[in-house]
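Single chain ahead, by itself, as structure tokens, in the form predicted on its own.
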Amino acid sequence: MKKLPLFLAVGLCLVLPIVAEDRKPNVIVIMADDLGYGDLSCYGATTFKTPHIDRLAEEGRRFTNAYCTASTCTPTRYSFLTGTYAFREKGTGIAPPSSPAVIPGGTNTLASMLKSVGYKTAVIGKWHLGLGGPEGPDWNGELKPGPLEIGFDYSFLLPTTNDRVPQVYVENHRVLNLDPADPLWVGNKAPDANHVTGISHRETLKMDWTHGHNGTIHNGISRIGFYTGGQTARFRDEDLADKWVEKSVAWIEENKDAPFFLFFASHDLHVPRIPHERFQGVTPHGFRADSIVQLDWCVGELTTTIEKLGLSDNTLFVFCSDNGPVMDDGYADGALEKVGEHRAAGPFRGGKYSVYEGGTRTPFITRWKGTITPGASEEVVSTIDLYGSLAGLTGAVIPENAALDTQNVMGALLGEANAKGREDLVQQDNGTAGNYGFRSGNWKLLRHDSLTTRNLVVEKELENGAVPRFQLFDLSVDPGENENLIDSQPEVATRLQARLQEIIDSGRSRP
């Protein structure tokens, strides 16, 4: 073999590392569903272990003041992808089974932003942001607009959420494995008086319902809504996590040579909690905690794949949750009865559906081997900021009329010295009641326009109780939000009330 001239060999040695370093990092965002602050062993859980997620935390940054923007799924996912608070847009509450696309085609999103700077993009897992035009999804035809119309190159979805019908996969624009001779029908009323439901055939269920969730039965579980047909397209609940991993690993391997963005949208641990048989009974807390262990396995499969491909030093992992925890969310799965000493929300009050800390303060971990400084961080960050932060990291330009509330907190996400997170953050419930949480520094203002709140105590039955319209807490000394300071700190209360209203009225908070 002919040897290269010395000057050329040296030149190549100098150039090749620079080319490798200039490649933009791969990004994998793993979003859990209904996972609370205290639901991981790296965040204080003691009765079961989450070793793969713990390893992410050990090798990266574990945030103790991280938030989603809403205490329910659809609005958090909306703000995560658009960089805009969901309360600014009507129709961003919990999407019903046949919801049209919540994010219109052509909207600037985190996916389209990364695609504009050379990324391959995919979403695999729970969508729950609607599909199709104003009339809703055409389940037997093309399901568009959807993820592919807002920047994703590939999508493999659970179209709604698994307690809602239908139980089918959607790959790109079509229901997978749908037989045209057995069309899928989805509706909000039973198609006929003889339709089998959780009410008419309750004795046949393998998991009983406690409230709602009593429509069409599939796989021994009744759901919200009604559907018929599509038998060859229907999946088994126990196989969801395996399918997300299978499709994700295949897509990563196919796109390993270009920078890629994967939104891994786990359904764990949303109801109905039916983990695969190999995870059933691995914890003392029933299927809810068993599903957390299954989620941890998924994380392990993704990190192992990245390691096998030699991409660990060039892949940024972000682990987060779409909202806080809930125990009884419609099914009798033993979550309440078997909770024991486990505290899903950690030291915080509230959970899913509420704007107390337990509803929106969630686990948040970043790992990028060789780049992120490992350790814990008290900086305030949010899922809504991944848009602005990744734009800053990759050099992408955010249009003036897009991502109206995101901020670039990449320095904090990477653990850079003296880097700061957010100064303030608005949180909401589902958006229909107009209930807000507003964190500013160590102060937390609650504004309940509905004057009621749900799920005040996660480990007991859901509560519906009257609350004052305004409450004020000093989180530095009262993280459990027990002492309302609204009367003893009138100047602080007035300042925060005015600032919250200003953010709502202004239409944007990004400079």
Ligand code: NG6
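Just so it is clear, the model here is predicted, and its values are computed rather than measured. Numbers for residues come from their place in the sequence shown, where the first is 1.
Missing here is the form predicted together with the named molecule; even so, the following discussion is about that form.
Contact with the named molecule in the model of the complex, judged as any non-hydrogen atom within 4.5 angstroms, is confined among 240-248, 225-233, 172-180, 156-164 to 156-164. Against the named molecule in the model of the complex, the set 23, 262 and 317 makes no contact: no member has a heavy atom within 4.5 Å. In the model of the complex, the named molecule sits within 4.5 Å of a heavy atom belonging to residue 329.
In the model of the complex, the named molecule lies farther than 4.5 Å from every heavy atom of residue 90.
Using a 4.5 angstroms limit between non-hydrogen atoms, residue 353 touches the named molecule in the model of the complex. Not displayed here, the named molecule is kept clear of residue 362 by more than 4.5 Å at the level of heavy atoms in the model of the complex. Site annotation in the model of the complex: the residue of 413, 271, 81, 123 reaching within 4.5 Å of the named molecule with a heavy atom is 271. A heavy atom within 4.5 Å of the named molecule in the model of the complex is found for exactly one of 294, 366, 389, 72: 72. Residues of 319-335 lying near the named molecule in the model of the complex, listed in sequence order, are 322, 323, 329, the criterion being any heavy atom within 4.5 Å.
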